[in-house]
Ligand code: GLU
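For reference, the chain that follows is the form predicted on its own, supplied as structure tokens.
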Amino acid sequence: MFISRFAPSPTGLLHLGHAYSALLTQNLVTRNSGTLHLRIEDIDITRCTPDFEKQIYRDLEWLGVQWESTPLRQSEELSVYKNSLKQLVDKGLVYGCDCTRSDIKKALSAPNNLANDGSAMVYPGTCREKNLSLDNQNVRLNLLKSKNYLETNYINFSEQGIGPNKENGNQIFEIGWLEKKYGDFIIARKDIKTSYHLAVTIDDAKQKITHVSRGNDLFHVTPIHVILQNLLNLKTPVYVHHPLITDKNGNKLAKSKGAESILSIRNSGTTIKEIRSILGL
């Protein structure tokens, strides 16, 4: 059975980049006689609104995107994420962190720091040995302990789409690469006790997703999701990353940068057929 999903966040109006991803995923599902699920990623409680969520449904229906069953809403799954986090806590694979962004920058700028070249906010493990309470703290995954727990230096996934550097086929990553790229990343924010990474990993398992179709800007966070799948004994889906729709300057379309919304395009009289043509579909 082929099962995929489209997972928008109601933090703004959908734009052509979302339309491309949704229609591409639906085409993929149709070709494989599969099922498409809709997920509303609304754990960002400060930015998500009911009005944006309602408009997501209207825009997708206008585009002709059809999904099975009731959409999964992340805000209704917090207890599920909490239970998954507890599994990692019980395995001794996480720790509390009270570092601010300023603290991390300061640690990275220290003369004896070898964590990275200063070009990215790679967490240097400041709180790893502090034994802080997990209450009212961000919770980070201890990658060194995770590697020892899995008894392997490598994780892998199958890529049936195309990554940002034309990646395709079996992808193998060293867990050490994750340490250098991100450091011990946050898997539960102190305010909601989950994170994007933990939530989507659990959601994909719950919705029995076999093929994750999404933009290739997320290709390099896929190893984060794969290591969580391994640690939680969840099946790793096949990944089908696709190129992004960009503006005239070659930049990714984004709500925060004022990308024209589907609603605006609809109101201008543009037809669905014209949108498909614009998107190359």
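In this text, all values refer to a predicted model and were calculated from it rather than measured experimentally. So that there is no doubt, residue numbering starts at 1 and follows the sequence shown.
In what follows, reference is made to the form predicted in complex with glutamic acid (GLU), a form of this protein that is not presented.
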(request) Report the residue, out of 94, 200, 178, 122, that has at least one non-hydrogen atom within 4.5 angstroms of glutamic acid (GLU) in the predicted complex. (result) 200
(request) Only one of 173, 185, 196, 149 comes within 4.5 Å of glutamic acid (GLU) in the predicted complex by heavy atoms, so just point that one out. (result) 196
(message) Heavy atoms within 4.5 Å of glutamic acid (GLU) in the predicted complex: which stretch in 227 to 235, 44 to 52, 210 to 218, 57 to 65 meets that?
(response) 210 to 218
